[in-house]
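Shown next as structure tokens: one chain only, the form predicted on its own.
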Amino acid sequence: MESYYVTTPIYYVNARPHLGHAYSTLVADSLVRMHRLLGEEAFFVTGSDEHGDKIVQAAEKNKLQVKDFVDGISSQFRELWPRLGIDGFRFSRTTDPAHEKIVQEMLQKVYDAGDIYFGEFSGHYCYGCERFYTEKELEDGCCPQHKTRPELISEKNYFFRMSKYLPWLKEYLLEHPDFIRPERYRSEALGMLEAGALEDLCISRPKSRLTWGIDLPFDSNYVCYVWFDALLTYISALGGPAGQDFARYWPGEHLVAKDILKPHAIFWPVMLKSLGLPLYRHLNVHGYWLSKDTKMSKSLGNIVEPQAMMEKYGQDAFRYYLFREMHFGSDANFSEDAMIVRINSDLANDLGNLFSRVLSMTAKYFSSIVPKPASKLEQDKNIVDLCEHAMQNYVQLMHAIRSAEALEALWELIRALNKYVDSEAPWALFKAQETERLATVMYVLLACMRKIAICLWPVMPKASVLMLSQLGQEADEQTAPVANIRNEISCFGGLEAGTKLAEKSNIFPRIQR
């Protein structure tokens, strides 16, 4: 069986989970579900990054011991994901003893290879980024991320010989155009390499300044720099390079937001190169969720709480809106008004209406039993062909992390089915007692509805299971509803005549404003 492994960022726990965290994790969940639908063994890793200056500062601000603070915030992340219908993940913490052990083993290996050295450094330190910046990297003397002036710090630290591997990385990016996706982020990474601003990476903090971290195995007076710690979670979660899971699942794929492109596109590949480990397959980079074209922030009061949205509009509707609204790689505006419009138009008017009217008519005309179809006419064959085409596009686009386009491909079929109901007019066929023709029309509709419900399992697992249940199919949110969706694409049907159906459906009621 083929295997698939993907990771989210290891989220920094200096604050509660927000919409950006939820989106990254939902994308990972949808990818795992999509690969399970394709008959593969798949899971993803997420977790919490719990070391560093900002963690200590946040704990002090909340008047808590650091360990108590990270335990509390980490549990908020872990507990939120199942509430959003997210399944099939391993949750890793950078304070886990197993992770700390592997980090120390990897650091020792890099040190023994001569790629870590001790030196004195003066640099511009941004506490928000928890890293030093060179003069060339600053913008008008400020951190390019936080737009604040870094503090000039001079101290002795350990450095990773990153510059040794940068020419190799540039060549690798040029030779592998799909290594970083979408293309504009590969171009951005190449721009960083060509600018000449990148130097060796400071990977330690003296305990005189920071004690909350993993001790360097070769010098207990220092702790590991947060990125060299956190990035190794993608391997420690597999039990390290010697683990059975590493042999089975690595190399995997990574999902990140664009604000952490540099550590994943530059630091991480050269770390793997130094360790002698294979590189990941792809780095998939998404944009920001904005509010009225402005990045969300606590200071502006425009943060969206994912759990609050889910509780207000439902898990499936919230998930659908995020997948439908953001074109992966680009920024997207989050709007509650836009979400209501999307729910009412796509889910209530299109999908919900289709299930409601077809199941009600099947109850009226065939006592909620799937009828046996007769020979198909041209219009029926056109719908069958459209169903196959829509499913092919959907699977291909979801696989490529293009959920907005994938859902549009599926909705072309849903809208066509509603028009098919209007044009074939089952009520008129029933009145004219054209039973065979009526049976064929209803079967085509019901069979296509089953295919749609299967396709939607990665996006809306709860609704998918409910729709399949209404169509007399056994399903659950954790297990893929079919062994391999490719078989569903190539073979129309799959819904046996005589199957007992639900008498009615009201999956997505309209939201009244």
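Don't overthink the numbering: it's just position in the shown sequence, from 1. None of these values were measured; they are calculated from a predicted model.
Form predicted in complex with a small molecule: not shown, discussed below.
> Closest heavy atom of residue 227 to the small molecule in the predicted complex, within 4.5 Å or not?
Yes - in the predicted complex, heavy atoms of residue 227 and the small molecule come within 4.5 Å of each other.
> Looking in the predicted complex, any heavy atom of residue 488 within 4.5 Å of the small molecule?
Because no heavy atom of residue 488 falls inside 4.5 Å of the small molecule in the predicted complex, the answer is no.
> Would residue 259 sit within 4.5 Å of the small molecule in the predicted complex, counting heavy atoms only?
Yes.
> So, in the predicted complex, is residue 264 in contact with the small molecule at a 4.5 angstroms heavy atom limit?
Yes - in the predicted complex, heavy atoms of residue 264 and the small molecule come within 4.5 Å of each other.
> Looking at 202-210, 251-259, 344-352, 398-406, which stretch has residues with any non-hydrogen atom within 4.5 Å of the small molecule in the predicted complex?
Contact-bearing stretch, as computed: 251-259.
> Thinking of 20, 234 and 289 as the candidate spot, does the small molecule come within 4.5 Å of a heavy atom on all of them in the predicted complex?
Contact check passed for all of 20, 234 and 289.
> Just one of 190, 296, 377, 338 has a heavy atom within 4.5 angstroms of the small molecule in the predicted complex, so which one?
Comparing distances to the small molecule in the predicted complex, the residue within 4.5 Å is 296.
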